[in-house]
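This document starts with one chain, in the form predicted on its own, laid out as structure tokens.
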Amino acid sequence: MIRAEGVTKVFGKNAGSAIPLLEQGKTKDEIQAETGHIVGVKDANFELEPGEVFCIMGLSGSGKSTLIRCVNRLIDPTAGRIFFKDRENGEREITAMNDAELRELRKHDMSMVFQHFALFPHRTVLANTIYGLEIQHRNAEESQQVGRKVLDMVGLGGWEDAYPHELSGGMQQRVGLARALATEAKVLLMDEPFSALDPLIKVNMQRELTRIQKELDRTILFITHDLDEAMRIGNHIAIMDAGEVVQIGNPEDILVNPKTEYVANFVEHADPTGVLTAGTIVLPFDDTQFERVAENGELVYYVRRSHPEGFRFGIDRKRRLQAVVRPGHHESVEIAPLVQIAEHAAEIARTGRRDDIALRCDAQTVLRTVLKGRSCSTVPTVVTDADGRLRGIIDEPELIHGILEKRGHREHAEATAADEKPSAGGAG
């Protein structure tokens, strides 16, 4: 829906003169020292798919707020092109639009939510909410109906006649979000909208945005300096450093495979439990990790090579998991869906972890859910595919390694092998 190609923004009286210097490979600091020009964004390339939340993050001064303002031309790029595509009009180049075309784009296609709310103090909550509809010259009665609907959606039903000074910071930000939603714009540009809020309110607003996004399916470009926030709400994340986009990926890609030291420093202290999946940390079911020890009728039994006296896992000829047997026993424990058990984890954990149930999940289950399940059972968690084939297991070592190292056994083994080769260079 939005595509940026080589977007560059240089601040200064003769900004264009810095472009050849950038092409020569000179750094932001070198150009500033030589010319006095400040490079805000350098050669940024990215794409937003319809309906996704795309987060751009970085430290203060990294260029993220400049970049989002280039998208709707509140700031004109020095070089590069930006495109907007929808079903009604096809693809249009934002960077080639005249003033009238830009006004129409901002009225109907793109709304912006600002960090400091930007509410009109003399207008009521409802009047603030429908301001964009007034700019669109929508019918007054229809506008008020839409305004009341979106205020209900953001949890502000009943506050229509209040004024901004009567609201808390979190409530004011909800009004800003409602105003953006009311215009029915296809794209929401959100510039650090929750950074001024208290931590608990901030998390609640992130949850609200995720809930509303599932309902309305808008396309969102979200700016933040908080990696946990980006990972909590983003489908894809672009990380910026000194004006450059240094890595783009989904949250798990960023966490597991940081491409630069700058990104690695970001993810070092990130909470992996809502991002990492079972498929990443699982001990894979293959010959390097499991050994065949017995056969009983249609089932073949395997044990973990590092724990040959431990649990046995029975699979049929199609590799589908059929049994999990405790050491010294012959009958399989119950195999139950992890998600169902995890919903009652706190209640079950109070009575002690069970040794008579193996919890099963798929590869996409996030680590936080796996942890809830592990609090209920001492039996290794089994990971299967949609057809019931065994992908591997997760026990305490996999959980600890995943949380501390933020990657799985296979990635760790590959990285270790690469590090041990003198000629390998920098391994992941």
Partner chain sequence: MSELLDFLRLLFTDPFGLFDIPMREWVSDAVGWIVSNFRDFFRSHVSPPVRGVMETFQWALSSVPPLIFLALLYIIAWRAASWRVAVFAVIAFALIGFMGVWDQMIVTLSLIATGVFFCILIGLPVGILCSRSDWFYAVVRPILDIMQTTPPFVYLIPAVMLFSIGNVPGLVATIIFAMPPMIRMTNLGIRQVDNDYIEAAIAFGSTPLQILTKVQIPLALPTIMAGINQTIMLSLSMVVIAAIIGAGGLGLEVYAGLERLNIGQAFVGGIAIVLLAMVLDRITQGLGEKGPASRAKD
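As the structure is a computational prediction, the values presented were derived from the model and not from experiment. Numbering follows the first chain given and starts at 1.
One more form of this protein exists, namely the form predicted in complex with the partner chain; it is left out here, but the text below deals with it.
- Out of the listed residues T224, Q173, T183, T78, T183 is the one that sits within 4.5 Å of the partner chain in the predicted complex by at least one heavy atom.
- Of the listed positions (H307, R123, K149, R92), a single one reaches within 4.5 angstroms of the partner chain by any non-hydrogen atom in the predicted complex, namely R123.
- Taking the partner from elsewhere, F83 is found to have every heavy atom lying beyond 4.5 Å of the partner chain in the predicted complex.
- In the predicted complex, the partner chain sits beyond 4.5 Å of every heavy atom of R211.
- Put simply, L119 is close to the partner chain in the predicted complex: some heavy atom of it is within 4.5 Å.
- Proximity of H330 to the partner chain in the predicted complex falls outside the 4.5 Å heavy atom cutoff.
- Only one segment in the set 267 to 275, 350 to 358, 134 to 142, 198 to 206 has residues whose heavy atoms sit within 4.5 Å of the partner chain in the predicted complex; it is 134 to 142.
- Each of L74, K107 and S111 comes within 4.5 Å of the partner chain in the predicted complex, counting any heavy atom.
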